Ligand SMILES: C[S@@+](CC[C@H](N)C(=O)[O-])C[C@H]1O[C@@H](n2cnc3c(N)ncnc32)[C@H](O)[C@@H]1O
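Take a look at this single chain, the form predicted on its own, given in structure tokens.
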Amino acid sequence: MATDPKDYILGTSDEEIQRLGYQHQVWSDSVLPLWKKAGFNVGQEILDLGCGPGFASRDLANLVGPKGKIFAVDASEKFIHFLNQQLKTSAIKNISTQVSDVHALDLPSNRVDGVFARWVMCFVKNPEKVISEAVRVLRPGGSLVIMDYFNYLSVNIFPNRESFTKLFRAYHESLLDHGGTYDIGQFLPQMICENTMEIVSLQPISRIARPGTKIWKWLILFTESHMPKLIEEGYMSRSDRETFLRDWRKASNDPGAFFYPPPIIGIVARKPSP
């Protein structure tokens, strides 16, 4: 959601916006402790970096209240248009939207109290530059919160079948070929330190999901969205898809089956005061 929309591997369709809304619901309880640890609070100005359709932007707007302000920035005109349309019928009046490349923000230095970036760094081609820009716009003492994937290939559905392993490998290889990586989380702390930030907290976010749960549904929504492109680009065949769906249906009816989602790292860092 942070690169040019044509480079965002999952696209910007209406179906993807709906999927992102569901994803936000599923993982929102993991975000709130990070915001609290970062000191995000009433009256602050916070940048939602690579905001997508703005689901987190609206939560942040409620958090900072009418005296605060949220800058919602994304490269996708469609995502920003969606957010603007939602704001027209909303009581929320403290969000400023902007279509902008997250590698080169149209914001002055030392402008915001906080920056939030969720599932952004894995998609961008130059995460070091994005972090540098985030640090630049932060006021001294301001906080950066990042939530992203790492150790992606540990993800799987158990009991394991080859069709499951093949699918997650295809996701991983596809993003690498598009210039991103689902393993970005392992590199982010070093990048942050190189930008003279102080790491406050590194939080592992890990779940296990059983059939019928929200995270189980989250996986199939992601698969329905992304698998056609994997087939189109040659990472999987139609036969692979049919095998996966057959094994998925069996797992969905197996009370002993479970899904281990890709691990996530939650990072809170602070810009030193002079």
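Residue numbers run from 1 along the displayed sequence. Just so we're clear, the structure is a prediction, and the values are computed from it rather than from any experiment.
Separately, the form predicted together with this ligand exists; it is not shown, and the next lines address it.
Enquirer: Any chance Ser143 has a heavy atom within 4.5 Å of this ligand in the model of the complex?
Expert: Close contact is absent here: in the model of the complex, Ser143 is far from this ligand, nothing within 4.5 Å, heavy atoms only.
Enquirer: Would Tyr171 show up as a contact with this ligand in the model of the complex if we use heavy atoms at 4.5 Å?
Expert: Contact check for Tyr171: no, nothing within 4.5 Å of this ligand in the model of the complex.
Enquirer: Can you work out whether Asp101 and this ligand are in contact in the model of the complex, taking contact to mean some heavy atom pair no more than 4.5 Å apart?
Expert: Contact with this ligand, yes.
Enquirer: Is Leu83 part of the interface with this ligand in the model of the complex - any heavy atom within 4.5 Å?
Expert: It does not: once this ligand is placed as it appears in the model of the complex, Leu83 has no heavy atom within 4.5 Å of it.
Enquirer: Has each of Trp35, Phe40 and Phe71 got a heavy atom lying within 4.5 angstroms of this ligand in the model of the complex?
Expert: So, no: the whole triplet misses this ligand.
Enquirer: Can you say which of 242-250, 229-237, 61-69, 44-52 gets within 4.5 Å of this ligand in the model of the complex, counting heavy atoms only?
Expert: It is the stretch 44-52.
Enquirer: Which residue among Val120, Ile157, Met197, Val112 has a heavy atom within 4.5 angstroms of this ligand in the model of the complex?
Expert: It is Val120.
Enquirer: Select from the listed residues Leu175, Val137, Ala75, Leu188 the one whose heavy atoms reach within 4.5 Å of this ligand in the model of the complex.
Expert: When this ligand is considered in the model of the complex, the option within 4.5 Å is Ala75.
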